[in-house]
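Just one chain is shown here, as structure tokens, and it is the form predicted alone.
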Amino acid sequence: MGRIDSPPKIGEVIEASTSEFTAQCYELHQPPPFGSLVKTREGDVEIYGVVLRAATTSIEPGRRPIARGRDEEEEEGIYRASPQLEKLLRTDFTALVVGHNAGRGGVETENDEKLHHYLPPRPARIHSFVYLCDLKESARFSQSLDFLSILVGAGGQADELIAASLRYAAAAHQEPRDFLTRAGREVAVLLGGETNRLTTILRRIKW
């Protein structure tokens, strides 16, 4: 079997735990979309995460950027006039870990037996590369909806995160409506009698 061509790397892990990892983007202001599926690695284990939040801040802790555009007609003029800004700012994103693949690194298998929708045994390594999963990989990962149980417990943004991740996954499937119908039923089971939460999520995933 041949090796799978890796998608372009978008960032690098700078903080990690078993349940989430934070990465710094290589390109300023270009984090992966909220709810999108990303992956990184720990040894031979590929770790999958759903993007939970992103932020652009000063590279120096405690030092906030200052307004610079009074005499500029467009925002890009600020960066042209002060090219050093790209070295003074950083864009980070955090992903909630939703599964892992314990197969051999880079080797394509014909089934998904090694794809697990629960937390990996170890966190990602610091400086591991992070990749945005393509449509094929997103569709493969979301064939099972077991990862939704992790998103339900994501805290204050859980409902928005569930909806965003399902919209993102649906776009990877040949029949998005069928996928969202199946996903909606799974969310209903997970939320039990929380009718208001369920209604909010279903409205946000309407295709």
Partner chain sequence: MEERRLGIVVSGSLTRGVEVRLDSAISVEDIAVGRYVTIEGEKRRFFGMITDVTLDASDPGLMTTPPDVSDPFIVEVLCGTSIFGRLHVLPSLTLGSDAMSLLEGPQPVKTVPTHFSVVRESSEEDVARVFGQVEEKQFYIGTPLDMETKVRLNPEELVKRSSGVFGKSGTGKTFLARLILIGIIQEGAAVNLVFDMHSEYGWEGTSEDNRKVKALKQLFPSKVAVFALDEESARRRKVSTDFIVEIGYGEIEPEDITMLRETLGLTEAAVQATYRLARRFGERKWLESFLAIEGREELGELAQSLGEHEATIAALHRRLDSLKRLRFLVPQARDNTIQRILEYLDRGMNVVLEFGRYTDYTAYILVANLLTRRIHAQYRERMEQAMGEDITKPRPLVITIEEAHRFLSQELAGQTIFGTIAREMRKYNVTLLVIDQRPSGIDEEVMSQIGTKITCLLDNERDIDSVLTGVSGKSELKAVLAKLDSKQQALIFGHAVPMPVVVRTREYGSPQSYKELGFREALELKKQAEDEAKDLWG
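These numbers were taken from a predicted model, which means no experiment stands behind them. Numbering follows the first chain given and starts at 1.
Another form, the form predicted together with the partner chain, is not on view; read the next lines as being about it.
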Considering the partner chain in the predicted complex, which of A164, I150, L180, L52 comes within 4.5 Å of it through any heavy atom? L180
Would you please decide whether I10 lies within 4.5 angstroms of the partner chain in the predicted complex, comparing each non-hydrogen atom pair? no
Consider S17 of the chain shown here, and say whether it contacts the partner chain in the predicted complex, taking contact as heavy atoms within 4.5 Å. no
How about C25 - does it come within 4.5 Å of the partner chain in the predicted complex, if we only consider non-hydrogen atoms? no
What residues of 161-200, in sequence order, lie within 4.5 Å of the partner chain in the predicted complex by heavy atom? R177, L180, T181, G184, R185, A188, V189, G192, G193, T195, L198, T199
